[in-house]
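There is one chain below, alone, in structure tokens, taken in the form predicted alone.
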């Protein structure tokens, strides 16, 4: 396939579609069909504006539109780069690691917390284990294509699994649980949204206040025991949940 060049953009100055939208639509199409591959860098705003004989604000608005769609990312010292399109994840009993792997991506993880600690009231409540004395606490940043996607937090009953940091970097939590003989059966899940905190923004390469998707999940084994409680946040610009509905009437 011939590499994409800005000269391929054709702008109708008298058409009803806004100029920034025409530019964004054509760059987006080049990303979607692979002419602009993941990691490709765009010319800076001044150069693009000069090539297309458009104003810099028009080009800036076009690029921001694609950033908001999760197709481009701005990096200090690097410029504007193409990123993978948004991850669309089905709502099912699987881990993010599993779903990214099935999509052909290579998930990457940074392990921030992996320790056993005394069980607080919050952990005891969510793990539905009044007599629990200790829990394993996990916190990881999951990335794909070199871009951070989610912050994953988990409580597990102490002793159910004892992963090393290397295992958490190379495998998903559900994969580790299954390898330990845990038979995952069902889960209760809540999906919501909130704005990014300063810490979220730093870990996810977003701006404070950016939109994030949230998910809370309680996972049960085949005996009805809670084996994991997770609370996670995802970049809304890079991630969505898919839900299939059926009519049972």
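Think of the rigid core as the biggest set of C-alphas that the two forms share within 1.5 Å after superposition. Keep in mind it's a predicted model, so treat the numbers as computed, not measured. Positions refer to the first chain, counted from 1.
What comes next is about the form predicted in complex with the DNA, which is not displayed.
Contact check for residue 43: a heavy atom falls within 4.5 Å of the DNA in the predicted bound form.
Using a 4.5 angstroms limit between non-hydrogen atoms, residue 214 is distant from the DNA in the predicted bound form. Taking the partner from the other structure, the DNA in the predicted bound form has a heavy atom within 4.5 Å of a heavy atom of residue 19. Proximity of residue 185 to the DNA in the predicted bound form falls outside the 4.5 Å heavy atom cutoff. Using a 4.5 Å cut-off to the DNA in the predicted bound form, each of 55, 61 and 74 places a heavy atom inside that distance.
Proximity to the DNA in the predicted bound form, taken as heavy atoms within 4.5 Å, picks out 46 to 54 from the listed stretches 29 to 37, 219 to 227, 189 to 197, 46 to 54.
Of the candidates 175, 80, 153, 114, 80 is the one whose heavy atoms come within 4.5 Å of the DNA in the predicted bound form; the others do not. Relative to the superposed core, residue 227 shifts its CA atom by less than 2 Å between this form and the one not shown. Relative to the superposed core, residue 115 undergoes a C-alpha shift smaller than 2 Å between this form and the one not shown. A movement of the C-alpha atom of residue 218 falling short of 2 angstroms is seen between this form and the one not shown when the two forms are aligned on their rigid core.
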